[in-house]
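In structure tokens, one chain follows: the form predicted on its own.
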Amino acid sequence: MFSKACEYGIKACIFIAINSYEGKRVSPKEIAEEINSPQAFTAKILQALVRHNIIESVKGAYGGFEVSKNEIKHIKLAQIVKAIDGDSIYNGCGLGLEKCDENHPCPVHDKFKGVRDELKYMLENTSLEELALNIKSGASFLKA
């Protein structure tokens, strides 16, 4: 459903948010290790998230990545997905056809439209805070 980059981006944001709650900044290396992603690939994803004002990069000896504690509750999963994958997840064909729309539907077009609408609702209504707090409480996990 999400690209690998987007999966890593979501995991990275959650990890950064958890650490930000504890007043810690995290390095690209720490993030890459935590989300099991190649470090160079993780760095590119982090740059995109910084460019879209989802996370902050602080330079220097005590630098790293963080999310403002006040912003964690306002950041929605949809913002992270859009920063990495754009909005194609809401428009793409369920079977990957180049041309698929109301006038020229694929076999799953009508059923997939409902799935996309539900996905969009979930992404727009799930905050980074909710995901981070679920991990902190042990209700969900970032690693298998």
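Rigid core here is just the name for the largest C-alpha set that superposes within 1.5 Å across the two forms. Position 1 is the first residue in the sequence shown; the rest follow in order. All of these numbers come straight from a predicted model, not from anything done at the bench.
Just so you know, the form predicted together with another copy of the chain exists too; it's not on screen, but the next bit is about it.
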- Are 112, 119 and 141 jointly within 4.5 Å of another copy of the chain in the model of the complex, each by at least one heavy atom? yes
- Item | Segment that reaches another copy of the chain in the model of the complex - one of 47-55, 98-106, 61-69, 25-33, heavy atoms within 4.5 Å | 98-106
- Message: Although the partner isn't part of this model, could you tell me whether residue 83 comes within 4.5 Å of another copy of the chain in the model of the complex, counting any heavy atom of the residue?
- Response: no
- Item | Residue contact check: residue 77 to another copy of the chain in the model of the complex, 4.5 Å heavy atom | yes
- Query: For residue 17, is any heavy atom within 4.5 Å of another copy of the chain in the model of the complex, or not?
  - Reply: no
- If you look in the model of the complex, which residues in 2-27 sit within 4.5 Å of another copy of the chain (heavy atoms)? 2, 4, 7, 10, 11, 14
- residue 118 C-alpha relocation of at least 2 Å between this form and the one not shown, rigid core basis: no
- Message: Rigid core superposed, CA of residue 68 - does it shift 2 Å or more between this form and the one not shown?
- Response: no
- If we fit on the core, is the Cα of residue 57 displaced 2 Å or more between this form and the one not shown? no
